[in-house]
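Here's a solo chain for you in structure tokens, the form predicted on its own.
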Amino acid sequence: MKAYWRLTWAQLLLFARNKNTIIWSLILPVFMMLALGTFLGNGGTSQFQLKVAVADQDDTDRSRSVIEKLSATEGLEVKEISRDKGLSQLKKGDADILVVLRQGLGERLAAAGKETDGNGQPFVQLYMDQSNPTVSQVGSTVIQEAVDRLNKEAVAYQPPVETEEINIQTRPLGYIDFLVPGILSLMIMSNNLNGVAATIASWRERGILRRMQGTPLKSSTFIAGQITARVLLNGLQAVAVLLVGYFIFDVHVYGSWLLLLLFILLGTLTFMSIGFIIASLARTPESAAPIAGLVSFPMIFVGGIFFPLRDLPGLLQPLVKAIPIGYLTDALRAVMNEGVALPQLWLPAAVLTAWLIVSFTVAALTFRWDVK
């Protein structure tokens, strides 16, 4: 036990004296969160913008009212322009959609007639690039809804049946609330899986582990000391990320802090054990880094860190259910955003515990003090 505590303290001193550890373990996660939260705008809650060019050939109060209503529509960036220039910008990709308000639009709205004239030609024309179906469909839907509102206002339409929208979300959550738990999960995986693999491989190559082998130190005691030191480091990192999220982006932890720390602990132990396995497989630090990257890099995209797991293709769903990163991310997000208690999170806890037991056992059995 004395050797265990000394190893833990020695590793903490190494962390404190290593500038790279401070930069990559503390500053980088905070910088990543600040950058993503800032660049996404308003904490990531704003929708994407469609660039709409409007050619007003009618030039009446009614047509100008149409342009004002389009400009007030959320998600539309409206710019008034001539039809020819609008078509040119549309072909170049400088505009997503071109709306042409044809002459006679104001008269038809004032007369509360139909949208088309006697020849069946519409007074509102939409030009779009059908090769981009997402933009064209969304743009067409938004413009059609705006025109539909104008038609209803022109005839003083009163719907016999109306709908009421009821928001069941009790907490004001935005994308940044979704992102912060993902950043925590990414930080835990990267620092422990990649960091342990590279560090242990380096110590083995430099002969540090060989000298430790000459002592009564057991491999399980060495691994346990490394884990304890990194658990404390990860706790400090998590607190730093959560404090930045709270004071800058108003991100709250709605669940139990104790439960949140429990899952941070489970994630740290699990990915550290996997890192020890990789360190045992790699003979040099140069080979440890690619192997760790090969394991961790795909998990960044299938772990629900930056977008929901349900948005992944069905082909990847079995893989998502087999790896620990997705369960860790979902558990952190459930505790922070939904205030979920442990009984509802039995599955992530069970899966992470199973990964921990298996990977720690394999790491202890395959651990090598020297290069063979």
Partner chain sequence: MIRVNHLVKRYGETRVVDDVGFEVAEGEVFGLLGPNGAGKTTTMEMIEGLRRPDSGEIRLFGVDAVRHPAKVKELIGVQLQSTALFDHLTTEESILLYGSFYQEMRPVEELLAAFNLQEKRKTLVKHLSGGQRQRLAIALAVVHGPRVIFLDEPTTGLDPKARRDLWEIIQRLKEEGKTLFLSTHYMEEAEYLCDRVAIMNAGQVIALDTPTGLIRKLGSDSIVEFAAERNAADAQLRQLEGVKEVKQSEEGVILLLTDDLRGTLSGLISLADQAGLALNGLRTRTATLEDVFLERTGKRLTDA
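Residue numbers count along the first chain shown, from 1. Bear in mind that the values here come from a model prediction, so they are computed numbers and not experimental data.
One more form of this protein should be noted, the form predicted together with its partner chain, which is absent from this view; the next part is about it.
Worksheet entry | Selected contact from Pro122, Gly235, Gly293, Gly207, since only one has a non-hydrogen atom within 4.5 angstroms of its partner chain in the predicted bound form | Partner contact (heavy atom, 4.5 Å) among the options: Gly207.
At the 4.5 Å heavy atom threshold, is Ala110 in contact with its partner chain in the predicted bound form?
-> Contact with its partner chain, no.
Taking the shortest heavy atom distance, is Ala350 within 4.5 Å of its partner chain in the predicted bound form? Flag for Ala350 set to no.
- prompt: Taking heavy atoms only, is Met212 within 4.5 angstroms of its partner chain in the predicted bound form?
  reply: Yes.
Could you confirm whether Arg6 comes within 4.5 Å of its partner chain in the predicted bound form, counting heavy atoms only? Yes, Arg6 is a contact residue.
Choose one stretch from 249-257, 199-207, 176-184, 285-293: the one whose residues place a heavy atom within 4.5 angstroms of its partner chain in the predicted bound form. Every other range fails; the passing one is 199-207.
Check your understanding: Out of 180-202, which residues reach within 4.5 Å of its partner chain in the predicted bound form, heavy atoms considered?
Key -> Residues within 4.5 Å: none in this stretch.
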